[in-house]
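To begin, one chain is listed below as structure tokens, in the form predicted alone.
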């Protein structure tokens, strides 16, 4: 009988060690600044988390939502106590708290979205929209009837300023006299404030809308006045099927899957992340043009965009619809043969920011404080 038990024990041990046996789990925690139901930034991050967990059988995830930006450290502590080996913090205001936690827990791995501070065990990552906002701006410049487009901004940080400036450069590329009127709400998620800002901009004559606020409020308010808009972060065309022209869509799962796979394989450790900075754009398929997946431009607006024509220095005279498609193709290639932040570019005060032929670096993009020509409204920290 003992011999039988011994044989069974050996079989069990061999089975655990055999190829294909159950893999050890990697536990990752995600900290969100807003509710996962915001249908914007946080919703998109959580969708990326869920897709990564579906794709990676060895991954276990936990998350916490609606964390105030200045209070992230206790939540990081709690996740580590719950067994998280990797912690993702997903808002710009979490940056300093994440760095402090990384120094306190040198054997854990951290990654911070949208920031620029790193450590040997702390990477940064961003799926950035500036290219897509430029394409949205091209369309907005063609569709405005008043010459006044609008942008409802969350916080005046470099990320939002970069996106707003790209939108303004797109507007001006098609409609050189048009303006972009900005109102800041100083909230990432506040539908009431977004509604008030949109209504104020409409009252001031704006007739095409883009925004950074994590709800479809701007889209819905504009649609009630029969005005076009561009969705933000998540698919918003369904909230106003005849009024959402396009928008920005994100695929955080592509970054999360890549990063976590490299952690699991041992390529990323708590000692080699100081120079790891994901800056993924159209070419990496981390972002997408459209108000819903697979639809870069709402067919409702195709005729109007085809009818609008513009002169370009490299493509000649072309319809705005074709211009959007050509620029999209140019920016979606690894070579990126077109970039909206290529000089000559002056800010709205006339200061030269990029000489002719110079493309702004990632460092210059991520520290941007100046306002592009055509932007109208307050601009905190404007140089």
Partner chain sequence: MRRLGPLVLEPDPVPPPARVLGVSLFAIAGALLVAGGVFAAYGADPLVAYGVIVRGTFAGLREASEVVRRTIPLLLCGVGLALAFRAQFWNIGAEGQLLAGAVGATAVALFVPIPGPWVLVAMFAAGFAAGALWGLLPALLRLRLSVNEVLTTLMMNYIALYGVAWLIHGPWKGATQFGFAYTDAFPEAARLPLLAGTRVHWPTLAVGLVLAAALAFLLARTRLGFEVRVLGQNPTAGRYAGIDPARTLLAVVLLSAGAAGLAGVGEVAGVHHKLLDPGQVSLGYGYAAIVVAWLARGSPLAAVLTATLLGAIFTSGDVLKVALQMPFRVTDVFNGLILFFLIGSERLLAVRIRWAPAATAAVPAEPGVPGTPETGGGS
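Positions refer to the first chain, counted from 1. Everything quoted here is computed from the prediction, not taken from an experiment. For the two forms, the rigid core is made up of the largest set of C-alpha atoms that agree within 1.5 Å on superposition.
Below, we turn to the form predicted together with the partner chain, even though it does not appear here.
- Of the candidates 278, 264, 155, 301, 155 is the one whose heavy atoms come within 4.5 Å of the partner chain in the predicted complex; the others do not.
- Not displayed here, the partner chain is kept clear of residue 293 by more than 4.5 Å at the level of heavy atoms in the predicted complex.
- Residue contact check for residue 364: none of its heavy atoms lie within 4.5 Å of the partner chain in the predicted complex.
- Although the partner is absent here, residue 271 sits far enough away that none of its heavy atoms falls within 4.5 Å of the partner chain in the predicted complex.
- Using a 4.5 Å cutoff between non-hydrogen atoms, residue 66 counts as a contact of the partner chain in the predicted complex.
- Judged against the partner chain in the predicted complex with a 4.5 angstroms heavy atom cut-off, the residues 71, 78 and 92 are in contact without exception.
- The candidate stretches are 58 to 66, 352 to 360, 331 to 339, 313 to 321, and the one lying within 4.5 Å of the partner chain in the predicted complex by heavy atoms is 58 to 66.
- With contact defined as any non-hydrogen atom lying within 4.5 angstroms of the partner chain in the predicted complex, the contacting residues in 92 to 121 are 92, 93, 96, 104, 105, 116, given in sequence order.
- With the core superposed, residue 47 shows a C-alpha displacement below 2 Å between the shown form and the other one.
- When the rigid core is held fixed, the Cα atom of residue 339 travels less than 2 angstroms between the shown form and the other one.
- Fitting the two forms on the rigid core leaves the C-alpha of residue 355 displaced by under 2 angstroms between the shown form and the other one.
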